[in-house]
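This document opens with one chain alone, in structure tokens, the form predicted on its own.
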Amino acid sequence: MMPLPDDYLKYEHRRHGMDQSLYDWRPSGERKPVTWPGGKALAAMIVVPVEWHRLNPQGKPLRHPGAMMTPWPDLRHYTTRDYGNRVGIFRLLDALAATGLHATIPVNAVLLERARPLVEAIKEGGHEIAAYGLEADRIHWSGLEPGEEERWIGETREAFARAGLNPRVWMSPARQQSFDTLKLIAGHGFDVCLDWEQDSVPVAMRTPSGEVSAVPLSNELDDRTLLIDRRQSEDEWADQILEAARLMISEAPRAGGQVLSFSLTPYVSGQPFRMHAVRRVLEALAGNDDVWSATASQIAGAAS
């Protein structure tokens, strides 16, 4: 066997705590407890991602979850995603309205004009619209050509401005970032980000362009992950969300306020045979006096 070279395990940022300077290592027991409005024990953040998928994605450096799967043209999956934006999301908006809950809804910039009636319906429902990059096949990563990622973020900001929107919340396509993404989005006026989930409360991220609040969005409660990738039943998925809420509320005397977050993907949760589980979750959260239903901006503001 050949020995490893001496510099193999050397890393210039390695030190006690975290190997990066974005945030400090901090166990949950050592943080100052967060207090939510009204003394609520739990902030519930519902995220409804509105995506535009190409029929011929390049998939570089990875295919977005939900990207086409079969040889071109993959019309079956393409039309299922389109169904989500035409039909499924309106079921979700109706269910949110029926319970009085408001969601954070990241939207791919290319949909602002392509699906303008949908954008208007989201605004009329009182939900928070977040920037979700240009589209699902524009994945942010450190292998992009110099300047390309900042151009994409700038084009996203411009598209929202043309649509009369000025979001402060950012979510990257596939929640994938480069080493520079946080700095770049901060430079373009986004101060809340949904890509990170290292804690159960918002974490202040330091960048040369200013601070960004990482409001945690749980991939472990993501509907697409649990229902499609892990093939769980709708009742199992709903039970997991409600069990997470129950446990986090019980932890409030020790841990303070925490964030329960999960995604409702229109082409997944918006299917008619899954709406019974969606309604069960929303009605349970809306009827729980310990739960504060809030958008990402509201949660970031309350935690600061």
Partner chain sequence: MTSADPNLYDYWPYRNRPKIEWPGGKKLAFWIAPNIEFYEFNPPVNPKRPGWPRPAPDVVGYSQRDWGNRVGHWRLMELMDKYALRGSVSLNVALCQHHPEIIEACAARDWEFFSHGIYNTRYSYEMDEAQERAVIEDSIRTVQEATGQRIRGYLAPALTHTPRTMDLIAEYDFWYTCDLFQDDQPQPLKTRSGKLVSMPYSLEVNDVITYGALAMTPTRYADVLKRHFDELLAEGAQSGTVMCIPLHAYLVSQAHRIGPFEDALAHITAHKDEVWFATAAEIAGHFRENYWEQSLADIEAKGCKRAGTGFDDAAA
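Here the structure is a predicted model, which is why all the values come from computation and not from measurement. Residue numbers count along the first chain shown, from 1.
What follows is about the form predicted in complex with its partner chain, which we do not show.
Answer for E234 alone: is it within 4.5 Å of its partner chain in the predicted complex, judged on heavy atom distances? Close contact exists here: in the predicted complex, E234 approaches its partner chain to within 4.5 Å, heavy atoms only.
Answer yes if any heavy atom of G100 is within 4.5 Å of a heavy atom of its partner chain in the predicted complex; otherwise answer no. No, G100 sits far enough from its partner chain in the predicted complex that none of its heavy atoms falls within 4.5 Å.
R151: touches its partner chain in the predicted complex, heavy atom cutoff 4.5 angstroms: No, R151 stays farther than 4.5 Å from its partner chain in the predicted complex.
My question is simply whether R26 lines the interface with its partner chain in the predicted complex - judged by any non-hydrogen atom within 4.5 Å. Judged by the heavy-atom cut-off of 4.5 Å, R26 is well away from its partner chain in the predicted complex.
Considering R31, R279, R246, K60, which brings a non-hydrogen atom within 4.5 Å of its partner chain in the predicted complex? The residue in contact is R279.
Please tell me which of N85, T207, T225, Q177 lies within 4.5 Å of its partner chain in the predicted complex, judged by heavy atoms. Selected residue: N85.
Want to guess which of 207-215, 189-197, 107-115, 159-167 is within 4.5 Å of its partner chain in the predicted complex, heavy atoms only? Residues of 107-115 come within 4.5 Å of the partner.
For a quick check, can you give me the residues of 249-278 that have a heavy atom within 4.5 Å of its partner chain in the predicted complex? The stretch touches the partner through Q271, P272, F273, R274, M275, H276.
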